[in-house]
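Shown next as structure tokens: one chain only, the form predicted on its own.
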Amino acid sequence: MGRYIIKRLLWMIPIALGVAILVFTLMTFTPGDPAQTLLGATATEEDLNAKREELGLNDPYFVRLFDYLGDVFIRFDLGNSWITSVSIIDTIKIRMPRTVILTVVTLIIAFGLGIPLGVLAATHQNKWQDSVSMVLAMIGVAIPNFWLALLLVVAFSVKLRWLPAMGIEMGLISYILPALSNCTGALANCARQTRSSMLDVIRADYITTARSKGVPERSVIYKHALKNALIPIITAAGTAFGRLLGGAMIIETIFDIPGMGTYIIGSLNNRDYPVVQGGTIFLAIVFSILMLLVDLLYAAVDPRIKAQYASSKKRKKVKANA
């Protein structure tokens, strides 16, 4: 297990390197002049040239690329914002927890509703419960998040005045509407994945044996079937967490949440390229770590996977002794 973890951590290096090269290249060849954006339309040509020299924009592409990769992967420095001159890492430390809170609340709602919905559909296959559950799941996939966010703001903030329309001043309550707006796709995918996985499991022989022994149906479904159907659901949860973590930009912008989404979008609009590059690399590393944690959860949920790690370790010991 330890060797597997080390191997996965080493794989994160080329992944982060590839993301860094890709994002840097895209930012470099994006049309527009960052110096013009920073100084404004009234800047003279001399001022613009001086600003380009200060930012290193006059250097050749490969010189700038290798300098940037050296700063990120050797000195572990994402640089400073061109707009505010504030350290990008320090800003990420402040903004990242807000995005994580939004993502966690979204996942709790999505999987707290999606798993029971999927179990209901699987245990009532081809009945009205199954049809209603899957129709709701399809509606969840089809609804645009930004449109739902605006409807929820009008209903619960403007009309009923139950929840705040924007900001995070009221604590966790402020994350309810953004999470509800952002959870529809994850909820629908969770329900469909749970239904598919449960249908495969409840046809297994050990489920038939448990029922023949008189085990209560609730225990058969939730203690036996659902437990063994969790691996695809865990995969869906890990993928959804990473997707929501990096894709909450529109929701954060609508609800004015000062998280990573608004940070990157605002920087992109202002051509603050170091922030876009640093934020994207950071999110890529977080997503890679998250996928590693998902793989480790497999062993905790399914003893067969843990046994595979143990057996492979024993085989290596036998070969070494031989």
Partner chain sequence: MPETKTAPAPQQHKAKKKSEFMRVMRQLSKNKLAMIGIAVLIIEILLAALAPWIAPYEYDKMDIPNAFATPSAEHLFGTDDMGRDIFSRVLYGGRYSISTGILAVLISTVLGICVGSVAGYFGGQVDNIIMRLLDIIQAIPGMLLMIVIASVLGPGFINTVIALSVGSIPASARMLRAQMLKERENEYIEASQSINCSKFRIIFSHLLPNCMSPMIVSSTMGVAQTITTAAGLSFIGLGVQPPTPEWGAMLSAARQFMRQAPHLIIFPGLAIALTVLVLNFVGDGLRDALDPKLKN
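Here the structure is a predicted model, which means the values were calculated and not measured. Positions refer to the first chain, counted from 1.
Quick note: we don't show the form predicted together with the partner chain, though the next part is all about it.
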Point to revise | Close approach of residue 63 to the partner chain in the predicted bound form, 4.5 Å, heavy atom | key: no
Review point. Closest heavy atom of residue 73 to the partner chain in the predicted bound form, within 4.5 Å or not?
Key: no
Review point. Wondering, does residue 112 line up within 4.5 Å of the partner chain in the predicted bound form on heavy atoms?
Key: no
Practice item. Verify the contact flag for residue 68: yes if a non-hydrogen atom of it lies within 4.5 Å of a non-hydrogen atom of the partner chain in the predicted bound form, no if not. Key: no
Exercise for review: Establish, in the predicted bound form, whether 119, 128 and 210 all lie within 4.5 Å of the partner chain, using non-hydrogen atoms for the distance.
Suggested key: no
Review point. Mind listing which residues of 7-33 have a heavy atom within 4.5 Å of the partner chain in the predicted bound form?
Key: 11, 14, 15, 18, 19, 22, 23, 26, 27, 29, 30, 31
